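This document starts with one chain, in the form predicted alone, laid out as structure tokens.
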């Protein structure tokens, strides 16, 4: 049987792109044997050719205008490693698909924002849009949802989807260092970008859970009614309180169907310390799927970095090399559905509430009065005095209460003169 030849163009040669190009070059023969094809890295392009890299770029492969690769007849697959949901990445992917090029990308921002449009375009042009590397790096969760669990009825998918935030919370728990000290350490180790805003505020995990929920529930990517919270408010007092109470603090992304309505949230929460996901530490990611007939299905692994990302990119490329022309979101665009969302504020949670207050008469009754007014009942209350004995920290574990009531109570408490620091509030996930 005659081998088919595929020509590849790689656009974007930063840390990920350079590592990927080097790995692909060294493992070219192995990939060809396993896919019974010939592959040729035909073109390379990046914003700055003269940038110092750990790879040498052959002059014959360099393309100055990255968009030219979308028009060249001798390009079959474009690997987009530029990043970002707008600008060059968007132009490259849209133009590539319109010109009937297969696309492989690690760009979660682009897929979460334009995945619906790109999926329809790829389907009409009979090309692949592959994005395994966009979610959880080396954890092949997208392949599992598309193929391994294809007949399962999934009702919930959740997990730790950002390695930077997980590293910070894990290290704070292990070392007793404060948030800023651990963040600085994460940057030195390469676990956090110089500007890690999207990792810390939950936006990165938000993009990923949007993609996963679309695949899990056979629906269009839903961009509305998503609760997004980061980890910046967590301090050592909260970490130690969690330990005392039998919990660990984790940053979770959650998508769930309730009454055929979609709930999506990214938030910091407390989890029982002996649970599986509470013990996923460092830069690891983990995803848990609840469905039928599979039951509970769990995957974990490194979620970011050149190695895991390259592993996912190669997997996607090999799928194309084997001739697997697939619908990007498993089912045809006409069969994907719009799912109504359920307002997150109407959900019920047990909560951890921490109030740093002046230690004087009447404070506790003032707190309980506000909680009672907002239909929040106290399950457990602990009062810790500060060293000065002029101040106290009151920790409250509430019974299940409506989210909107909790946030309203926290807002009211924030305005009280006896409150000396901004109140803390974390949901407790079962």
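Because the structure is predicted, anything quoted here is derived from the model rather than measured. Numbering follows the first chain given and starts at 1.
If you look for the form predicted in complex with another copy of the chain, you will not find it shown, but the lines that follow are about it.
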message: Is it the case that residue 23, even though its partner is missing from this view, gets within 4.5 Å of another copy of the chain in the predicted complex, heavy atoms only?
response: yes
- prompt: Do residue 256 and another copy of the chain come within 4.5 Å of each other in the predicted complex, heavy atoms counted?
  reply: no
- request: Answer for residue 295 alone: is it within 4.5 Å of another copy of the chain in the predicted complex, judged on heavy atom distances?
  value: yes
message: Using a 4.5 angstroms cut-off on non-hydrogen atoms, would residue 30 count as touching another copy of the chain in the predicted complex?
response: yes
task: Select from the listed residues 282, 301, 84, 190 the one whose heavy atoms reach within 4.5 Å of another copy of the chain in the predicted complex.
output: 301
field: Contact residue in the predicted complex, chosen from 200, 357, 149, 186 - any heavy atom within 4.5 Å of another copy of the chain
entry: 149
task: Tell me the stretch among 205-213, 316-324, 221-229, 260-268 that has any heavy atom within 4.5 angstroms of another copy of the chain in the predicted complex.
output: 316-324
